[in-house]
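First, one chain by itself: the form predicted on its own, in structure tokens.
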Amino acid sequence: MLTLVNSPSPDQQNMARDLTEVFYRQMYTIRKVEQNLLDLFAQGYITGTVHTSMGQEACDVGVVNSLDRSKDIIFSNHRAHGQFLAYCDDVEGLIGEIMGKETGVCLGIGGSQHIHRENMYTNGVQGGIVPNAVGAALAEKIKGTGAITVVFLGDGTMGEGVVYESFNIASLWSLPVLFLLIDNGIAQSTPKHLEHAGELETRAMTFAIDSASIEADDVNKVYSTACEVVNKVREHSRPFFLHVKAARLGPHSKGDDTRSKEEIESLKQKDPLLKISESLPVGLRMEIEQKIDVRIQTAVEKAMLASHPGLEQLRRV
């Protein structure tokens, strides 16, 4: 874990700058990919639905970068594009997948919500991924791999009973799983205070699961906290519940956003992408953005030309 003291050495300063550049590249990529996906949906090139995580990039990037990608396992939900890109940077595979093309990471069959690559799995069933993550953590513990699992939840999912059954088993059997709650304060169009009684931050504590709460307005803060938590889960083979407050700047999916313009503008003042961009030299930032913009445009053009999966591809699944 990168820890900066009050008077960092030159090496530490260089490490911090390098990490900031890496984080900005990932966060900007996520934001631009998802903006492009919404545009493609509006133009009729994407069927089904698209759930974006614009505004939540600091959580996706900070947490995924704290993991050991060679062995740790990620389970996520319908809002997982950012985590996928932070995990493997497969812009081309993601765009092709969501457009339903055979160049997609799952041959265009999984779509926006059902994505799989290596040790990352996503599913649109609310709460359904939670027992899967617990089961995977049990398997890794039995095999002695030293791997942990992390499962990304939304605040709406905290109304699912299977979440609490999973908390119980994970604690009872002392399993290496990180329950990561991204709390953006709204489930589709229902504000959290109309859906949940009490505080979500304390839900896991009754199962003797250590918990913490942070705000995802600064990717470096999220990364530092996630490193500590991941190390704790790995070292002690015990579950942990990390509550992350984040702002969802975009709609739930497509254009279904019932919040006022004033509320959204207020949330944009804490945009983590804006915050990290201000820490980079203007020239470097513009160079990064230009390269990423070109890459995404090329990926879209490639997907446009690609074919939809045929019967032969479907038979292989």
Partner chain sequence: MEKDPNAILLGEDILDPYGGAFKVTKGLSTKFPQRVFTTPISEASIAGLTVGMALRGMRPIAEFMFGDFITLAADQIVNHAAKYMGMYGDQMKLPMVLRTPVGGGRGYGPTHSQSLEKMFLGLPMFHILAPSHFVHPGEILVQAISGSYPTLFLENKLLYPEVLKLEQHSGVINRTVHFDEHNYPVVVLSNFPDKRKADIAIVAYGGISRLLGPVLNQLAQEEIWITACLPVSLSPLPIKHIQATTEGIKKILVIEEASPAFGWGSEVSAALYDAHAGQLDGPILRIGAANSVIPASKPLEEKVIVSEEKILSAVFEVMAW
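Numbering follows the first chain given and starts at 1. Remember, predicted model here, so these are calculated numbers, not experimental data.
Keep in mind that the form predicted in complex with the partner chain is missing from the display, and what follows is about it.
- Query: Ok, Val134, Leu180, Ala86, Val230: which has a heavy atom sitting within 4.5 Å of the partner chain in the predicted complex?
  - Reply: Only one option qualifies, and that one is Val134.
- Item | Of Glu215, Asp210, Asp90, Glu165, the one that lies within 4.5 Å of the partner chain in the predicted complex (heavy atoms) | None of the others qualify; the residue that does is Glu165.
- Using heavy atoms and a 4.5 Å limit, would one call Phe241 a contact residue for the partner chain in the predicted complex? No, Phe241 is distant from the partner.
- Task: Indicate whether Asp155 is a 4.5 Å heavy atom neighbour of the partner chain in the predicted complex.
- Result: Answer no; every heavy atom of Asp155 is more than 4.5 Å from the partner chain in the predicted complex.
- Task: Report yes if any heavy atom of Ile129 sits within 4.5 Å of a heavy atom of the partner chain in the predicted complex; otherwise report no.
- Result: Contact with the partner chain, yes.
- Query: Looking at the partner-bound form in the predicted complex, is Gly146 within 4.5 Å of the partner chain by any heavy atom?
  - Reply: No, Gly146 stays farther than 4.5 Å from the partner chain in the predicted complex.
- Task: Specify the contacting stretch among 215-223, 233-241, 200-208, 73-81, defined as having any heavy atom within 4.5 Å of the partner chain in the predicted complex.
- Result: Result of the contact check: 73-81.
- Query: Which of the residues spanning 117-142 lie within 4.5 Å of the partner chain in the predicted complex, based on heavy atoms?
  - Reply: Result: Asn119, Tyr121, Thr122, Asn123, Val125, Gly128, Ile129, Pro131, Asn132, Val134, Gly135, Ala136, Leu138, Ala139, Glu140, Ile142.
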